[in-house]
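As a starting point, one isolated chain is supplied in C-alpha cells, in the form predicted on its own.
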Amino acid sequence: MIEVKGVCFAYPTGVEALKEVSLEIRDGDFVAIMGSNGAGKTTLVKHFNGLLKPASGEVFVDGVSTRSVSTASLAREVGFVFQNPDHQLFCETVEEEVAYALKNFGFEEGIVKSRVTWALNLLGLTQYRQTSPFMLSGGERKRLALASVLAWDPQVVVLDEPTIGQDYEQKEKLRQFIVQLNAQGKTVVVVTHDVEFVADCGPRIVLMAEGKIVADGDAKEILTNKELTFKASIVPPQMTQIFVGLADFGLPTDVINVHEARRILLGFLKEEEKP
C-alpha cells in the first residue's frame, strides 16, 4: 500500500508542484493519474519510490516512510518506468540493460538469464538482445525500459506516459499486458494524457490540477463529468463526445469507449427493429 499524507513539494526554482496532497493506493489497485502539463502528476509518483522526498507531509510504502529508507531499497518494491527512456537506459546492449538491476539486486546467474529472456520475449525485443539500446526506435526504447523494470518483478509498477511513441498495435498490447499484470495482483499506476487509452482500460482515475487532487473515482464517472474534465484541461473521450451529440435519440451520454458504444448501439437497433 502507498499512503500519501498532506505532501507538499517545491522545486528549487520556487515552483510549488504539490500542495497538501493526500492519496491512498491499495495493493492490487489500477490507477491512472491524469491532468494537464504542470499539474504535478510526475512529481507525485516520483515520491512513491523516494526519487523525491516531501518538503512536508509523509509518504509511506507498506507502512515505511520514504524518508527513512533509500531509493534503492524502495525500488525493489516500486518499479518506476520514466517518461523519457533515455533517462533510464545506459548499458551497451539490450540484454545487459535488462540484466543490470537483477544483478544489482543479487539474483543468481541462472535466474538472471531466465528473467532477461522472459522480459525480452514479453515486450517483443528478443531480436535486439545484442543491440545497443540507443539504436532502437523511441517506442522500442520505451518497451526496453519497461522490460528492465518488470524483470525484477516489483509489487508496484509506475509507468510515466507509457503510450508515447507507441502505435495502435503496441498500445493495445500494452493495455492487455497492464490489465493482465493487474489481474495477477500487481499494483499498477499510470501517469498519462492519453484519454482514449484510459477509457479502454477503465481504471480508477486520480485527477490533478495545479498541484492538487481535484477528483478521485471511477473512469466513467470522471471522464464523463464536464466540469471535472474542463478543470483538469482534459478532452473527454471521442465516444463520450459522440454520444453527447446523440442524446436527443435517447442514448446515454456516459459512454467512454468503443466496446461499450457497440453494445449500446446494437441494443438500440434491435429495439428499433421491433414491430
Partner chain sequence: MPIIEAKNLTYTYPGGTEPAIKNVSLTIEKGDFVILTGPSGCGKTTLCRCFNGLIPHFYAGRLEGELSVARLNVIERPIYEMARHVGLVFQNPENQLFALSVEKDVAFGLENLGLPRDQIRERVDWALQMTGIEELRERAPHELSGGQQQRVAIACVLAMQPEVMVLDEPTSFLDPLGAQKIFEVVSELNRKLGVTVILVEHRLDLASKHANHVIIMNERTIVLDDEPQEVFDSESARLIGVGIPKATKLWVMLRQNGVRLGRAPVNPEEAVQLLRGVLQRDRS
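Fair warning: this is a prediction, and the values are worked out from it, not measured in the lab. Numbering follows the first chain given and starts at 1.
From this point on, the text means the form predicted in complex with the partner chain, which you will not see here.
Checked against the partner chain in the model of the complex, the residues V45, I234, A219, L207 give one hit for a heavy atom within 4.5 Å, which is I234. For the residues K171, R115, R76, K186, the 4.5 Å heavy atom test against the partner chain in the model of the complex is passed only by K171.
Partner proximity in the model of the complex, defined as non-hydrogen atoms within 4.5 angstroms of the partner chain, places exactly one of 208 to 216, 61 to 69, 234 to 242, 47 to 55 at the interface: 234 to 242. Although the partner is absent from this view, E196 contacts the partner chain in the model of the complex, with a non-hydrogen atom inside 4.5 angstroms. Taking the partner from the other structure, the partner chain in the model of the complex has a heavy atom within 4.5 Å of a heavy atom of G165. The partner chain in the model of the complex is approached by D86, whose closest heavy atom lies within 4.5 angstroms of it. Using a 4.5 angstroms limit between non-hydrogen atoms, D200 touches the partner chain in the model of the complex. By the 4.5 Å heavy atom rule, the three marked residues S36, F249 and L265 all count as contacting the partner chain in the model of the complex.
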